[in-house]
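Taking the form predicted on its own, here's one chain by itself in structure tokens.
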């Protein structure tokens, strides 16, 4: 029998993990085509270091050689549409036939959704935006060394359900300014529409952030919903306004690619069956990572989704029972420069659009949080391990290397988290 054709659209965490895991499980029993508008993989979680001097090139690697080693056909192109009846995906005027299709094109930011945000704010998402933020921070340091006092305001607007990187940057900025000897000349304020800080990840992360704000003398405001941004102040729907010299924001996000004919929500995120990531209407099409409808957009969750999809396709091809469904458990390490905070958070959907996820109480024993200088080492090791795995055509969650790392992680959680 001819090999089944798998087409993967997108080369981020979900897409690369799905490809690597499929090859790990099925070897040469499957033909894979990768379509992406980029020919490199970006380790996006570590772009938080770019504003403080990191070279963006250190976070990227070209995956053409890796694709060739895996036997994956790569096409640099932008996905334009899908025809489920013909089992074709269209990209740059061409079409590619599939037996299984994995959509992993990610999300984009939409600063224009907030009046004035795109014009006056430093936004975070791409390496280019992070480089612009670096310039703003450098000017901030120069101004304060010249004796000027400055206001830095952080802003989380609605329709951003997981703003973890912005929390990292506010802590990193505080530590960075202290090392530069100018922290006393900068007032830092953090405002968010959320009822609690890092709302998606439950009360323990809120407690960590609140404690850190107090320790660092950062003023934090919850339930501050932005109305508009002006040249030197943000106005909120509660009638309050906050001044700034430097504004740093993580904008609202939406699906990077709208695919007509596939059911999605109002922001273009594709409707799926959570355990398998199959589209609700088409069982041989999957959505992983940020383009899917799971509300929290995060690299680790994308990896778990990529694993589940690969296992589901493997089970279908090999006629085996599918047992490795996607169970949403977030795992992250929040950099702060002077230490880091680890969090493992079991999640579940609520059905409430205002608060779409919550901590999964049935697995509350898996809810672990801890802060330590040692967690900074863990983040550094993770930043080396995962790109190394993908570059060498290996999945993140498989093989002896992962088992060793998993053992080390469990030991660290036992000692440094509770």
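On a predicted model such as this, the values are computed, not experimentally measured, just so you know. Positions refer to the first chain, counted from 1.
In what follows, reference is made to the form predicted in complex with a small molecule, a form of this protein that is not presented.
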{"property": "Segment assignment from 22-30, 43-51, 345-353, 359-367: heavy atom within 4.5 Å of the small molecule in the predicted bound form", "result": "43-51"}
{"property": "Single option in 256, 196, 87, 336 placed near the small molecule in the predicted bound form, where near means a heavy atom within 4.5 Å", "result": "256"}
{"property": "The single option of 268, 328, 295, 165 touching the small molecule in the predicted bound form, heavy atom within 4.5 Å", "result": "165"}
{"property": "The small molecule contact in the predicted bound form: residue 290, any heavy atom under 4.5 Å", "result": "yes"}
{"property": "Any non-hydrogen atom of residue 300 within 4.5 angstroms of the small molecule in the predicted bound form", "result": "yes"}
{"property": "Residue 38 within 4.5 Å of the small molecule in the predicted bound form, heavy atoms", "result": "yes"}
{"property": "Partner contact for residue 252 in the predicted bound form: the small molecule, 4.5 angstroms, heavy atom", "result": "no"}
